[in-house]
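Below you'll find only one chain, the form predicted on its own, shown as structure tokens.
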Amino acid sequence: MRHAAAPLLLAPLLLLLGGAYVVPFLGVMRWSVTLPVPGFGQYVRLFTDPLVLSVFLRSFRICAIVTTLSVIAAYAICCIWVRGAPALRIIAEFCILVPFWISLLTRAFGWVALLSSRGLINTWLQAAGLIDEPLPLSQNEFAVILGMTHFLIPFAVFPLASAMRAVDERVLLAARGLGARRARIFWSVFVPMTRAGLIGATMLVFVFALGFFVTPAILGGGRSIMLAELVYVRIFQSPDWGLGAAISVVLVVLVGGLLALLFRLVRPAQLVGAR
């Protein structure tokens, strides 16, 4: 009886997800093979158009760099948050939670105020006599990577923290009792035991980074266009709905493949710290 009621309880959620995501996605798929003429010409353009290929390569390169930096920084923060002294834990938790209280747009313009040619960093350096001309810190890939990494670090923290809290302290004590040094315990015991969190954080950050729009648009200044911005341009600025829809479909399929890979490598329970 209890199992028979489960589909009925899930029905409202499934209907909501179907109406909000599946139906619009099917419409986008239809655009990709019907506009401007029926066929798969837009998907051929994805692999032959130099502009589209350059945006794909740039997006994957930036996402890979951002993911690496975010996961490394998040791992260090989690070590303090989970295993540090009580005072350090409070500071780390404050630093993790505060970014969620500030909107993405506000943070992006905050980086503009810091990095632009008339921003705080260049102004201070020039006032100190350390530079004569402003450094090119904004409207480039450096600014995009910095802004995206700053936003995504907190999202990498939580799967890593769950994995670290699930580590059996007795294993670490046993390794220390056998004479292993702290560095050896960390790299040979602790890091492998948090593998599930590392994989989850990497996948999560990479998927989020693929869909970034506001930060690259503001900090890149149109010089570091990524996939989401290209879709926006093709849909709203240049009437090329077919290509924009094809890029969207490829992105959704790619994200779905990455999530399937994540759940193949790691059990969902491991991502929330269950043993």
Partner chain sequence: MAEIELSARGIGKTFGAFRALADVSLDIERGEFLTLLGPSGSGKTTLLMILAGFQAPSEGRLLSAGADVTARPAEARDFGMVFQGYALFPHMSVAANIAFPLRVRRLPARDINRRVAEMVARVGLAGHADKLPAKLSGGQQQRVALARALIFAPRVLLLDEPFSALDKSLREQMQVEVKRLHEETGTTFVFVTHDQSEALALSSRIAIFDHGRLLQIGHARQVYEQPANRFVAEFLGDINLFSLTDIAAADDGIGGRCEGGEVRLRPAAPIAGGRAILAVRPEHMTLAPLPGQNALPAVVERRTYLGASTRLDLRTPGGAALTLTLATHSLAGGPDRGQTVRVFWPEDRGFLLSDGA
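Positions refer to the first chain, counted from 1. Small disclaimer: the values here were computed from a predicted structure and weren't measured.
The following text describes the form predicted in complex with its partner chain, which does not appear among the structures shown.
- Looking at 146-154, 85-93, 99-107, 163-171, the stretch with residues near its partner chain in the predicted complex, meaning non-hydrogen atoms within 4.5 angstroms, turns out to be 163-171.
- Using a 4.5 angstroms threshold between heavy atoms, R181 counts as touching its partner chain in the predicted complex.
- Taking the partner from elsewhere, A113 is found to have every heavy atom lying beyond 4.5 Å of its partner chain in the predicted complex.
- At the 4.5 Å threshold, heavy atoms of S188 reach its partner chain in the predicted complex.
- Among heavy atoms of M193, some come within 4.5 Å of its partner chain in the predicted complex.
- Only one of A175, L198, L204, L137 lies close to its partner chain in the predicted complex, with a heavy atom inside 4.5 Å, and it is A175.
- Residues from 62-89 do not approach its partner chain in the predicted complex: none has a non-hydrogen atom within 4.5 Å of it.
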